[in-house]
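The chain that follows stands alone, in the form predicted alone, written as structure tokens.
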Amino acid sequence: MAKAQHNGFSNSFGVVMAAAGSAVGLGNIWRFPYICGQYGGGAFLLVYLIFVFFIGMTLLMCEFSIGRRTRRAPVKAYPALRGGGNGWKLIGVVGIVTCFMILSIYLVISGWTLNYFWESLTGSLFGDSGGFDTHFTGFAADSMRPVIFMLIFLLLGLVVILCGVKNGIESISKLLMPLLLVLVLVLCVRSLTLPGAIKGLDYLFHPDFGKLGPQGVLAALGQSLFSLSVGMGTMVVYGSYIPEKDNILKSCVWITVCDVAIAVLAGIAIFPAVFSCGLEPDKGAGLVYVVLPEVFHSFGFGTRLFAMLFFLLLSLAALTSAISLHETLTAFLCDCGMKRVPAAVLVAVLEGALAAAVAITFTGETPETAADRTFFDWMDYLTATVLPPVCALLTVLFFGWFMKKEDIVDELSNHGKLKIGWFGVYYKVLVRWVAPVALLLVLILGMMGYIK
């Protein structure tokens, strides 16, 4: 099979930083802490670690292998491995649709984060006498500000995409990922020096299985997919940029370690501070935009500084992930024959329009569409519960049952140069059976409402 030729990452470090940048995002710093808080802290963390290294990393390896083997975006990658046939395009199409919808919601939430960084910088975040809950509700309901900050965020990502894979995505990832690590460590140190911080660490690391339950286990499995950016075609595209000499398994391990480390460090930065202020850790999405501003406000000295650092951290994590989603859609259009610049701009225009429609949902001007759900609710349901598990399930089934085993072995061994004695059992057990069954459970039970 002839591979498509295009530019890619320059070395292994670039691969790990770019893919880790995609994986480390709102899922780690915004979503992980509050889900962890809902399901018993350390109990959820333990189950999550098992799933992310065995199920999530398996999906990551599958997508990387498919991408590098074909050097194509998802829609053309799957048929290329089966000698053509339009039916196989469906897997890639599901991934592209998933990516397109996720990016629109991602841009809205990232716009909120960018606004909070600006308000922390100017001090206006702490000047609302109505409280932080009222402050967030008022901001989200504004018909202009969320859209403006969303567009600013979108333009930042577009600039990176226009600079290309090496000079744009790889370069910015090499800069932002170490900076992100420094910021989260600074916040960890500050959080751990607060009185009563040990209660937060105990909550995070002491397993309370009474709060976990079946729903918590399923949520941990879903989070393991969400946080690694699998199930949306992104890692197929990034896999197509991996150099031939790189060890795919080694890269997958490092990316997963980075992803987990940032998630755990985010928990260390958040929970001790929350407990120190006598607040509850299971406040859902409001943990970041309502509870944490209250925590920072209680600091007294350094209130604005640490709030600014946190929302800068969250904004940078969101940016690296949004870039990967934008690049996936751009690569798809390039595979269809478009030039890179017009493709990237077209994606920005379409995403900006859809994200604006999602943002105004909170103004109260958008009516409920069906089944008592607004447009945002339906988008969130499809992108969090349905489409990623469907795409991930189709991918792992393709990889385990339809892609030629000799092609997989050839790709993972770098054409026979690497020893992969581990592959036999891994392929027969995890890839062919455990991962598909787990993904099917996530999909069915998620649609039944057992995963939230």
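Model, not experiment: these values are computed from the prediction. Numbering starts at 1 and follows the sequence shown.
Form predicted in complex with a small molecule: not shown, discussed below.
Q: With the partner removed from view, which of 271-279, 185-193, 330-338, 231-239 is the stretch that lies within 4.5 Å of the small molecule in the predicted bound form, judged by heavy atom distances?
A: Correct option: 231-239.
Q: Let me know the one among T361, S315, S227, N115 whose heavy atoms come within 4.5 Å of the small molecule in the predicted bound form, would you?
A: By the 4.5 Å heavy-atom cutoff, the listed residue in contact is S227.
Q: Does the small molecule get within 4.5 angstroms of any non-hydrogen atom of S321 in the predicted bound form?
A: Yes.
Q: Are any of the heavy atoms in L393 no more than 4.5 Å from a heavy atom of the small molecule in the predicted bound form?
A: The answer is no: L393 has no heavy atom within 4.5 Å of the small molecule.
Q: Should L26 be counted as a contact of the small molecule in the predicted bound form, where contact means heavy atoms within 4.5 Å?
A: L26: yes, in contact with the small molecule in the predicted bound form.
Q: Answer with yes or no whether L325 is in contact with the small molecule in the predicted bound form, where contact means some heavy atom within 4.5 Å.
A: Within the cut-off, so yes.
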